[in-house]
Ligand SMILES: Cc1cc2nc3c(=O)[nH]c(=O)nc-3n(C[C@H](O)[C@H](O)[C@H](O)COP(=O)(O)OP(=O)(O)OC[C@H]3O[C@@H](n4cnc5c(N)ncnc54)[C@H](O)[C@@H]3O)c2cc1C
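Below you'll find only one chain, the form predicted on its own, shown as structure tokens.
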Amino acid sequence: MNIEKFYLKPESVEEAVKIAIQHIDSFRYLAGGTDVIVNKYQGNEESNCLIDITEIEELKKISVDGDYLKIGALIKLDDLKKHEILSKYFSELIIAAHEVASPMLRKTATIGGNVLCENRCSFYNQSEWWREAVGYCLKCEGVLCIATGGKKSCFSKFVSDTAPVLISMDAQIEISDIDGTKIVPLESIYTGNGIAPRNLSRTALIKNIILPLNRGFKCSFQKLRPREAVDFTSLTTAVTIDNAGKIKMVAGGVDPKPSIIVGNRNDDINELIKKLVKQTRIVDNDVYSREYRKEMISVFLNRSFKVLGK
């Protein structure tokens, strides 16, 4: 049976959402393509319609709106360093973006795509023949999680590098959908369910990432991975302290969603670190062992607090 396939390039957010509604049963938005194209090659993505949003100019801007900075979802990771206001107020975001993949990929990957980066697992992100030989897991319509042997929960890991830094700085996202536009905290879109890791509707499209200015953020970013290029994270941490003494710690790569602990400069730092380590749900689905990654959370957080003068 021949299945009709579509490749469409809308010129506005509204047009993109309308097209998505028309192809609601089988479509994907396409920006940098660093997730979608690889997943299609591996057989983990089978949508019949690709909606290429790279011609939507309103998603390619960085602007100041009152006390907030708006970063368009289509800003390339490699281009973040070119913006003076980001260098001045959010330099750690540039560092985190620089740690994503390789130089070539950073020239195509977008910040919107990175915060929506698909959860990964060493038992899922493989070729079709590999997954068929080992056995299909919950994330590809199997009956159990191969990493844990359980039948109820998928623990594919959250692997965005920019999202932990953004969340630690209380970032929000502006979302366009069928019923208009809304702004929500970035951290609120992650579910903790490895099969459906985000609670966005299928047709939702991120327009902007919004960061508060004038909070005097001091931030420290750390990342663990086998190679300094290409490899997805095995552990990412971000610790941020603002002018008011608010502390926000975020860890990625060790749970299906970001692990977050909020405190203040008067709190016992060791207790805050223990809370974050306890919150994570690490399983053996990575090249590094569960025990090693768990130990490294404390190492990274202690290192960050030293950098931040705590």
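From a predicted model like this one, the values you see are computed outputs, not experimental measurements. Just count from 1 along the sequence shown to find any residue number.
Below, we refer to the form predicted in complex with the named molecule, which is not included among the displayed structures.
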{"query": "The named molecule: the contacting residue among Leu93, Leu77, Ala238, Ile71 in the predicted complex [heavy atom, 4.5 Å]", "finding": "Leu77"}
{"query": "Candidate from Val36, Val262, Ile62, Ile269 lying within 4.5 Å of the named molecule in the predicted complex - any heavy atom", "finding": "Val36"}
{"query": "Exercise: Pro197 in contact with the named molecule in the predicted complex, heavy atom 4.5 Å", "finding": "no"}
{"query": "Lys40 within 4.5 Å of the named molecule in the predicted complex, heavy atoms", "finding": "no"}
{"query": "Heavy atom of Leu166 within 4.5 Å of the named molecule in the predicted complex", "finding": "no"}
{"query": "Heavy atom of Val230 within 4.5 Å of the named molecule in the predicted complex", "finding": "yes"}
{"query": "Interface segment, criterion being heavy atoms within 4.5 Å of the named molecule in the predicted complex, picked from 129-137, 147-155, 82-90, 112-120", "finding": "112-120"}
{"query": "Heavy atom distance at most 4.5 Å to the named molecule in the predicted complex, all of Val184, Leu211 and Lys294", "finding": "no"}
{"query": "Residues in 135-173 close to the named molecule in the predicted complex, defined by a heavy atom within 4.5 Å, in order", "finding": "Val159, Ser160, Asp161"}
